[in-house]
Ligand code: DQA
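Below sits a lone chain in structure tokens, taken as the form predicted alone.
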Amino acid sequence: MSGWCGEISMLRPAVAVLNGCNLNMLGQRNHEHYGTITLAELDDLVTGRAAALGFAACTCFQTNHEGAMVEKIQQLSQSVDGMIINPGAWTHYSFAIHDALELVAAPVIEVHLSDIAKRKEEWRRRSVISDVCARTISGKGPAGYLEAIGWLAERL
């Protein structure tokens, strides 16, 4: 019996961090909205925090192709214990990503580096994925990703 319990205790949660269009250009984009961190630095920051909080795995993925994002969400929908997504501009209009996120069995957290509610363009203030996410974190820069990892760690 103790072997069985030991196997269970070794199971640890896995988290995925998905970044959408143009986030590969972090560090080069408008610093006022997105800061100076690069995507590689952000991935290192997030995976380091996930490891420190006991996650067994932290998968980071970025694409500029909406279909690839939908396929990645579908692929991970039943295999991760938590998902963090910053869809970039798709936040504002991608019902395909919305519908894929509905299939995710784990909690999904929407994260944005900038505060989308305070953006000057009206279309940037609307998220079509918020209603399928457990939480939205916006306007905290890279710290928003760390907050999301922490939120998942507390609940998993």
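This one's a predicted model, so the numbers in the text were calculated from it and none came from an experiment. A residue's number is simply how far along the shown sequence it sits, counting from 1.
Although not depicted, the form predicted together with the ligand is the subject of the following passage.
**Student:** In the model of the complex, do Leu23, Gly88 and Arg124 all put a heavy atom within 4.5 Å of the ligand?
**Tutor:** Yes: Leu23, Gly88 and Arg124 each sit within 4.5 Å of the ligand in the model of the complex.
**Student:** Counting any non-hydrogen atom inside 4.5 Å, which residue from Thr63, Thr59, Ser114, Ser94 sits next to the ligand in the model of the complex?
**Tutor:** Contact residue from the list: Ser114.
**Student:** In the model of the complex, which of the stretches 44 to 52, 65 to 73, 23 to 31, 100 to 108 has residues with heavy atoms within 4.5 Å of the ligand?
**Tutor:** The contacting stretch here is 23 to 31.
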